[in-house]
Every structure is written in C-alpha cells, then in structure tokens.
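Single chain ahead, written as structure tokens, the form predicted on its own.
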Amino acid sequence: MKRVYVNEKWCLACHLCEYYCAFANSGETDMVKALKDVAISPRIRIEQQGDISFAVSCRHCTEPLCVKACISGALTQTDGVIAIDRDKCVGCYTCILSCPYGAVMPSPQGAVQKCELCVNNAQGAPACVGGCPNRAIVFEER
C-alpha cells in the first residue's frame, strides 16, 4: 500500500504541506477563499527538533492502535487506509491517546481528524505531496 513518507533532510519547514492539506480538506475550489484570514487545521503538521524539521501525519499502520481504541467505531481501516466517520465520533479522544505517532488530533468541527490520504478529494495523491516544493514528502509503496 502506498503511504506518505517524509525525508527530513529535504524538509525546509515551509509549512506549505499544511496549507495544501487544509485547502484540500476545506471543500472550497479557491485556495484564497478557503484559507485567507482563517486559522488552518491541517491533517499534517510540521514539527522541529533543533536543526531537523519533519512532517507528522498518519502512517496508516498495519495494526492501528487508534482503530482498536475507538469506542464508537468511528475509525475504520479499509484497504489499508484509516478513515474517520465524523458522525460516529463521540469525542472521547482515546484514538489520540493511543496513536504512537501523534497523528490523530482534535478537529475544530468537533470530531477528531487525521490524514486520510486525500481519498475523498479525488486528487490521486495526497495534496501535501503535490504542495511540497522540495519534494521532501512522497507518496509511494516501500
């Protein structure tokens, strides 16, 4: 299965991946209308540790602890992709606590959010990959 991978040596910490992610999940067709004067809520985020910067996003684990921890059945795994049914999420945050990578986070819309590989956005590849100017983020099978 293809997954998002990040090469920390190439990450510039420009945060463009976050903006492309937020835009792809906004439901808007115009990036300016979607993001101008709005606090973005991307499903990928840049972290920095000293000189190293890297993107944190869902790794779509083979044995996902977040899915096992979800008490409402809102998190499911289909064809390797872990997705959220926001209507089922009760906001208990057990998935957030159980994710060893910190990739599940609270959503401003009430449910939790995480990378779902842009499967609902019909782009073919996650938006963060296409938006990375240095190609530090890739979508490939390893």
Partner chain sequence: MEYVIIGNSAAAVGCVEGIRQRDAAGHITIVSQEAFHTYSRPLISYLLLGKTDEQRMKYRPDDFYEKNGCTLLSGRRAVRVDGTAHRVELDDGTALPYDKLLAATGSVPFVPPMEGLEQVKERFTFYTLADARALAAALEKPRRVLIVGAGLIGLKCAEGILARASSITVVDLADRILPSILDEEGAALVQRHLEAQGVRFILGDSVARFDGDGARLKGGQTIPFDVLVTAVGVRPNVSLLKEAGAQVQRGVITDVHGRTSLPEVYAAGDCTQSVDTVTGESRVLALLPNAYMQGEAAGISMAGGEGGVDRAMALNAIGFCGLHLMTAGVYDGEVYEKKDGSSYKKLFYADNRLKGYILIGDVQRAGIYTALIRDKTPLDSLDFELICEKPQLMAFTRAERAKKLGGEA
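Everything numeric in this text was worked out from a predicted model, so none of it was measured. Numbering follows the first chain given and starts at 1.
If you look for the form predicted in complex with the partner chain, you will not find it shown, but the lines that follow are about it.
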Among the candidates Met31, Cys92, Val81, Ile40, the residue which, in the predicted complex, approaches the partner chain to within 4.5 Å (heavy atoms): Cys92
Val6 within 4.5 Å of the partner chain in the predicted complex, heavy atoms: yes
4.5 Å heavy atom contact, Ser26 and the partner chain in the predicted complex: no
Touches the partner chain in the predicted complex: Pro100 (any heavy atom, 4.5 Å): yes
Arg135: touches the partner chain in the predicted complex, heavy atom cutoff 4.5 angstroms: no
In the predicted complex, residues of 68 to 97 near the partner chain [heavy atom within 4.5 Å]: Lys68, Ala69, Cys70, Ile71, Ser72, Gly73, Asp87, Lys88, Val90, Gly91, Cys92, Tyr93, Thr94, Ile96, Leu97
